[in-house]
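Just the one chain here, laid out as structure tokens, in the form predicted on its own.
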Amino acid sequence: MKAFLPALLLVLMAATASGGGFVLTTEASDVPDDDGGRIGLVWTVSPDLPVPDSIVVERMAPGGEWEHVGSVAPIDGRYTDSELENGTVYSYRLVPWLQGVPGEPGPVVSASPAVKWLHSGRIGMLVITVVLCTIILLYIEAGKRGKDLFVRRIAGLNAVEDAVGRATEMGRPVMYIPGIMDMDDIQTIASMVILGRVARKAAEYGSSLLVPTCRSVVMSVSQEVVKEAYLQTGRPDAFRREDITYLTDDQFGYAAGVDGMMVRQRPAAIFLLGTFYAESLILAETGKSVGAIQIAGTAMVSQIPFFIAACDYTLIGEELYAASAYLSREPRLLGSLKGQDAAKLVIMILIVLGVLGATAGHWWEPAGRVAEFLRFLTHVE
């Protein structure tokens, strides 16, 4: 009797296969919102027939033979086949397995994968991106037409001339520390822009400029930036390549080397601009001990409090990135800076409207619709 039941089940499955078998419906379609190469299968099974142990998914390419591509549980009801060739029509069928014996294959379905150029779930982000880019471009165009674009005063950048002048009057050098990261770090790139400004002032006033670096590439870039600054001021003969040195890649070895230079050279002005970590307070305290005026700046949030406590001026976060536009007053850079600020204002307004709409939506239907629209705009899958 025990051996008879499995055989009976198989017979029932085979007998009903011609009428659709255990599978009631099977659908194959291209997976939406992807980069192509995938086909999704969806099926339902008959509740009147025995549930097989597993379902084997078989695929056949044009001119090929059926091949096994996956095995899933019957209750899953879906399967995704990937790594396919876009534009090629593939055929699929489902084969039930019960106690190690294959049943009659289900109906054959076909589909073709294709690349989707637009993700329907990110249309909202596309709208926001277009709006923000438009705002930035409008401000850039306004700057190119000569409109006066106001940028608030940044005390640390305004103090560059005073700091270099103080060092010149005291007959002591200026030291510029560009952080401990390489040239692939955005803060180091921003620091090189400010270095050019400091080097021009040092060349004009005849001050000695010391630039100890932690990376060899940063040293090479710093040498070229300072050399160009001396050329622009008409004093190429005053440029000393040996004042721009490489110390070590080691974090605290570099901090110890720079501290030694501070104690020996006793610079009157020290600039700490770039990426800093645990060595920030060590450098700032040593600079304070030699009596130097210090201008610091970093986007590392955890290090900003140390610079504020130990330095005379501190560029906080994005002020470091805004330095190139602030110092050069170039219309395109100023327009880009103002456009980004306006875009941030738009984002903040959307956030406030979304919060208010979601809150009021429980009592007032129009507010709920506003909240739904804002959620659609900011939806990212």
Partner chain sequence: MRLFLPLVITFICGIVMILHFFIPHRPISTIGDGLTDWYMIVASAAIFLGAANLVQVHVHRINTKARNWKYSPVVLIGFIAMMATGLLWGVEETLPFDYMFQTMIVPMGATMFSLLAFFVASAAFRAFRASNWRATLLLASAFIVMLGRVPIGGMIWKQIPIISEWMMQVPNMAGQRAVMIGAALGVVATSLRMIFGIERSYLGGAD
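These figures come from a predicted structure and were not determined experimentally. Throughout, rigid core stands for the largest set of C-alpha atoms superposing within 1.5 Å between the two forms. Positions refer to the first chain, counted from 1.
There is another form of the same protein, the form predicted in complex with its partner chain; it is not shown, and what comes next is about it.
Peer 1: Quick one: from Val108, Ala155, Val115, Ala73, grab the residue that has a heavy atom within 4.5 Å of its partner chain in the predicted complex.
Peer 2: Going through each option in turn, the one that passes is Val115.
Peer 1: Would you kindly say which of Thr88, Ser220, Gln99, Thr80 lies with a heavy atom within 4.5 Å of its partner chain in the predicted complex?
Peer 2: Looking at the other structure, the residue within range turns out to be Ser220.
Peer 1: I need the one stretch from 352-360, 40-48, 56-64, 27-35 whose residues put non-hydrogen atoms within 4.5 angstroms of its partner chain in the predicted complex.
Peer 2: In the other structure, the partner sits against 27-35.
Peer 1: Using a 4.5 angstroms cut-off on non-hydrogen atoms, would Lys201 count as touching its partner chain in the predicted complex?
Peer 2: Heavy-atom contact with its partner chain at 4.5 Å: absent for Lys201.
Peer 1: Can you work out whether Arg332 and its partner chain are in contact in the predicted complex, taking contact to mean some heavy atom pair no more than 4.5 Å apart?
Peer 2: Yes, contact at 4.5 Å.
Peer 1: Whether Thr245 contacts its partner chain in the predicted complex should be assessed with a 4.5 Å heavy atom distance threshold; does it?
Peer 2: Result yes; Thr245 sits at the interface with its partner chain in the predicted complex.
Peer 1: Taking its partner chain as it sits in the predicted complex, is Ala343 near enough to touch it, meaning that at least one heavy atom pair lies within 4.5 angstroms?
Peer 2: Yes.
Peer 1: Can you list, in sequence order, the residues from 287-303 that come within 4.5 Å of its partner chain in the predicted complex, counting heavy atoms only?
Peer 2: The stretch 287-303, when checked against its partner chain in the predicted complex, contributes Lys288, Ala299, Val301 at the 4.5 Å heavy-atom cut-off.
Peer 1: Using a rigid core superposition, assess whether His119 undergoes a CA shift of 2 Å or more between this form and the one not shown.
Peer 2: Shift at His119: 2 Å or more after core fit.
Peer 1: Could you check, with the core superposed, whether the Cα atom of Pro32 shifts 2 Å or more between this form and the one not shown?
Peer 2: Yes, the C-alpha position differs by at least 2 Å between this form and the one not shown.
Peer 1: Taking the rigid core as the reference frame, is the Cα of Glu330 displaced by 2 Å or more between this form and the one not shown?
Peer 2: Yes; Glu330 is a residue whose C-alpha shifts (by 2 Å or more) between this form and the one not shown when the cores are overlaid.
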